[in-house]
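Only one chain is given next, in structure tokens, and it is the form predicted on its own.
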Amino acid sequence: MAKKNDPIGIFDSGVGGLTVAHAMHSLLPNEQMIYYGDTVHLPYGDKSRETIISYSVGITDFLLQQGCKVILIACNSASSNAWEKVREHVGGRAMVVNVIDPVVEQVCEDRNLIRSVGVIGTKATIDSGTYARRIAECASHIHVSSMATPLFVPMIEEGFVFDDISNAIIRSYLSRKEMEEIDTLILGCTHYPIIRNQISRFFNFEVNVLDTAQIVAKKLQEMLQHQDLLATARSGPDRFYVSDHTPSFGAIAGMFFNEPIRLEKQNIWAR
């Protein structure tokens, strides 16, 4: 049985999940996090469903070995392709949370204020059709326009943010017809909140670019409260693992947490 002060496990293919980790850290300061960035295999967005499931289950086993009470799949590609398999694999050993359901629920709650939603994400997420399908189930009047933006992840992982290169790539994607006339935008990849301000600026701040990381953190807080699993005190320091060191990971992590982050290399695939 999970205990209140057990850690929360978070995983992504790289730095993207840090957006959710940071939001969770701010909202739930008593919770200890164990983060795993699978930098050996990033990005997940161009991988097959079967491959994404295999990676996700492998990382889940590692986080369960650390005694995590929650497995937070902080990756849209994994959430859209592997969530059910991960949940089945975990069984009753921990709570399994994805990053898609909370955002869809938020859109459905605001359905009277939304007319047209854009969704951007990796090819794996967009090809799965998860966002469009789920939104149609609760708000069929909302028009959903989805578009893959595969260059965003490597751009961010290489540290190209807040510069002319990232602005040019953002402009190239978001000026396409798929994103015309939208009033709300879902950042369907946990990397993308890193460039949320740049995206908002492209739309002249006239489109509601959802703060997906905050939405997920708030939903996790509600779920922990409901299950009586909110931590009462920190059980230890946050830990950050990567399957391989990348030059930008530590820099971006430090930017989020305003302090140097100690990264531990743990290549679970080499065992």
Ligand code: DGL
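Quick note: we count residues from 1 along the sequence shown, nothing fancier. For clarity, every value in this text was computed on a predicted model and none was experimentally measured. Note that the rigid core is defined as the largest set of C-alphas that superpose within 1.5 Å between two forms.
Below: the form predicted in complex with the named molecule, not depicted.
- Taking non-hydrogen atoms only, residue 36 never approaches the named molecule to within 4.5 angstroms in the predicted bound form.
- By the criterion of a heavy atom within 4.5 Å, residue 153 is counted among the residues contacting the named molecule in the predicted bound form.
- Remark: of stretches 73-81, 109-117, 86-94, 160-168, the one touching the named molecule in the predicted bound form is 73-81 (heavy atom within 4.5 Å).
- Taking a 4.5 Å heavy atom cutoff to the named molecule in the predicted bound form, the contacting residues in 1-39 are 12, 13.
- Taking 2 Å as the criterion, residue 249 counts as shifted between this form and the one not shown: its C-alpha moves by at least this amount when the rigid core is aligned.
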